[in-house]
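Shown below, as structure tokens, is a lone chain in the form predicted alone; questions about how it binds or moves come after it.
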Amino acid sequence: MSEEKKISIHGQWSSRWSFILAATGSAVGLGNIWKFPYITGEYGGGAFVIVYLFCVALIGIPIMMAEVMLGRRGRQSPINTMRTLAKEEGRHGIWSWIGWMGVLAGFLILSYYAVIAGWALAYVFRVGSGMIQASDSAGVQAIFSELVSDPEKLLAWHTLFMALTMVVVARGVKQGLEKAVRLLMPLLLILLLVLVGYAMNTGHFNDAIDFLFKPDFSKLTAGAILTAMGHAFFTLSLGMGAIMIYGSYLPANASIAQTSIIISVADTLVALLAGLAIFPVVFSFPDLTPGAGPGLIFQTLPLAFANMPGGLIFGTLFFILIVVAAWTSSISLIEPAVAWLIENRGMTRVSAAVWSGLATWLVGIATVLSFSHWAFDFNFLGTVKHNGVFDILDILTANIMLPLGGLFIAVFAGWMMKQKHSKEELALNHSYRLWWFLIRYVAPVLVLVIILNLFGLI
């Protein structure tokens, strides 16, 4: 490895803990706040958690180690990293398409993710102002419907969230990304713990513990196992270029294996804490259901907070929590594109942030309109989707691009890369053989199973 590759031209994390905070921030998002707790309860509680952790160990951690390893060895944007590494390994330049697909996936995900994050930003003010408290169930639903069906309001919140994202990214690795995650990740944890403390006083905390952790192996079906496999992959931000670009800023002496394990554990703990914060509130009202998905956050949960002591304060804190989780994810989604513009177009970081942010914002307008003027129905594998471009982008990225990206990363790291190079980066002793076996044989097969299952082929 040449000296000039030991530090990225974009900068470097000051420590491995900065990388851990940043990568965990990338992994923690809206899915942790509602999806993981819900599917855990739906598929057998503690039994599902055991299977999920098993899948994280077999799929998530090996592929995360591979993606971080590729990023640190290449020390460039995902596109240029894969081009450089393919040349170093004597492989065809087509492998650079792993980088292209990751950058494009992150760009497209942020274009609609920023719109949904804008909802949460809007609800900070709606809940904090007492608007929700003055409404009944029908009124709360009307507030949500009025927001998502008003393109001008959605565009305003979408614009504000994108601006918050690009301000951080424009400031660079140490002054922007690192400072942001050092502030936002502890804030996220503090907010979560405060909300868990609040939930402990609802009288239904034990119900939430049973819902999340009591094993019910009768619900552990083949579908539950496939769900655990899929979520283990998607929740760690794999295959979208974010972990690869963050890995390119990782100090050379930091352990890739240890950091990957810590990030995976932290991501799971945040998801479980979110469940302990949400479900005691939900169980306080017999007519509320924990399986309401996004509607749980924007319709039923605000109503629950409105009818509980201190609900205005803690409801506002809850939506601040969601905004923080979305913010730490969004800065990682656009960073690969910004890095590529700096490397290949000679832009300053500020210019690259502005142009990539503007492009993302423009594409996001299609999602803004997907809930009103541009809404249309279409059938995807037997399921009717109602929100046009938004659903198309979600399916294209989550169901196709990310799993393919993860699959190709595993294949390149396990089959295309020389062992002496992966050994050099991972610096493992006896455990290298375990990683080598998992990345070559286990992870690719399981990811392929996920892809085939999503399309009803198995």
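Residue numbers run from 1 along the displayed sequence. Basically, rigid core = biggest C-alpha set you can superpose within 1.5 Å across the two forms. Note that this is a predicted model, so its numbers are computed, not measured.
What comes next is about the form predicted in complex with ligand PHE, which is not displayed.
Taking 76, 329, 264, 356 one by one, only a single residue has any non-hydrogen atom within 4.5 Å of ligand PHE in the model of the complex, and it is 329. The contact residue chosen from 40, 397, 422, 32 relative to ligand PHE in the model of the complex is 32, the criterion being a non-hydrogen atom within 4.5 angstroms. Ligand PHE in the model of the complex is not approached by residue 81, whose heavy atoms all lie more than 4.5 angstroms from it. Proximity of residue 260 to ligand PHE in the model of the complex: non-hydrogen atoms within 4.5 Å are absent; the residue sits far from the partner. Proximity of residue 27 to ligand PHE in the model of the complex falls within the 4.5 Å heavy atom cutoff. In the model of the complex, at least one heavy atom of residue 237 sits within 4.5 Å of a heavy atom of ligand PHE. Here the marked residues 19, 69 and 250 all miss ligand PHE in the model of the complex; none has a heavy atom within 4.5 angstroms.
From the list 217-225, 150-158, 121-129, 329-337, the contact stretch for ligand PHE in the model of the complex under a 4.5 Å heavy atom rule is 329-337.
After superposition on the rigid core, the Cα atom of residue 121 is displaced by less than 2 Å between this form and the one not shown. Once both forms are overlaid on the rigid core, the distance between the two CA positions of residue 414 between this form and the one not shown is under 2 angstroms.
If you fit the rigid core between this form and the one not shown, you'll see the Cα of residue 331 move by less than 2 angstroms.
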